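One chain comes next, on its own, written out as structure tokens in the form predicted alone.
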Amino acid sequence: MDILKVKNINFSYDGIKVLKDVSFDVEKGNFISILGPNGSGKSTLINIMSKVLKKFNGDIVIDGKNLAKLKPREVAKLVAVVPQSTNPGFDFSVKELVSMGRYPYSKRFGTFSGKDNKFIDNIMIRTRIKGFAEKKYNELSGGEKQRVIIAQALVQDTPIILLDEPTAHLDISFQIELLEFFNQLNVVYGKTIIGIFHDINLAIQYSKKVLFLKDGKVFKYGKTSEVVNEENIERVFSSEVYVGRNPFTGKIYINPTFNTSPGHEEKTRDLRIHVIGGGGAASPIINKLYNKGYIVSCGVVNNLDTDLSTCETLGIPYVSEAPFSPISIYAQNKNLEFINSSDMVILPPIEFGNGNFSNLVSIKEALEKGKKVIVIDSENIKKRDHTDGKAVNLYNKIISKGAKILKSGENIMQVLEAAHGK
């Protein structure tokens, strides 16, 4: 039985078409990942399905009801959204913030029945936030805040839960914890989960189906085992990968493929380039540089990071830090040593939290030492800043001090050769 039908959805921002005839059906109790590159329309689609965006063409039917005809209170009983983060505006307590998710069931003047209050308490226990129910939301850690956001969505008690990259800025252990929690909601409680995820590998471990979006259109939609393959990944993300099976779980797993033969362009071999790493964002750039004959280094990356695996595969020197740990003074100093011996520094579009903020500090110091810096700005820094604005402020200072901006890494080779008169 289909709980959601999306039919011929078209949507434009300022005359620019973002979604183009998007159609798909979702069976009740399914777990679906929406995957695609930045700008493919993933978040826009989530916002339309939750009626945050209303002026679209097409039809969405949820549990037999036309979304366009439903009032906000009715929508809130059918669909809950878990975003990356939230800013409540006021300094609410944890319990106050969670209780707001129960508003569709409230009585006059916003009061709740004893049954509602018991339900709220049970959700807070299940999400392990009951112990700090009276603390202010703004006093919590990133992981605690995310639990509160999830609890707020769960007290809506909806059949469908939409996830808008809820794990994007969390460390791998907490990402897995959250995905296990959503998987339990799906398997044990029958909730239909539809999510956007930053980490494709993490998403496909739990997804029963995958919807690939490209340029605002549905590229492929089907069972995970049938649509996640080398050809589809390459065509959607323009990246060559190897799709195999995890030897422990037997599930599909994606690895980037690299040409490990040394580069042959001797004219660039004397140029040293340091790449700031994190979350796999540096890997495509490192591979390009290596195969063009540049002398490459990378840092600071956490152990278990894809960028570190890339460096080890290609034999590239790197600076690493222990898993789930902030960058230490020692690692930062080693990173600066690489920067000082480089001709140029490249900053990919990585996520910034308090743990890796010093990578951004190192970029600023590189500029102050007269190093050439290239910043790849393919995704707005505000979406990648998980430091309450510190990263945005420092990022803007880096731009103002003369860093060169590229909107993608595709033409980085031409820029490098032009910068060095090659």
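Don't overthink the numbering: it's just position in the shown sequence, from 1. All values reported here derive from a predicted model rather than from experimental measurement.
Below, we turn to the form predicted in complex with a small molecule, even though it does not appear here.
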Handout entry: the small molecule contact in the predicted complex: residue 353, any heavy atom under 4.5 Å
Key = no
Problem - in the predicted complex, residue 43 touching the small molecule (heavy atom, 4.5 Å) - result: yes
Problem - residue 38 within 4.5 Å of the small molecule in the predicted complex, heavy atoms - result: yes
Practice task
Verify the contact flag for residue 18: yes if a non-hydrogen atom of it lies within 4.5 Å of a non-hydrogen atom of the small molecule in the predicted complex, no if not.
Solution key: yes
Exercise for the section: Quick one: find which of 62-70, 385-393, 30-38, 366-374 has residues within 4.5 Å of the small molecule in the predicted complex by heavy atom distance. Expected result: 30-38
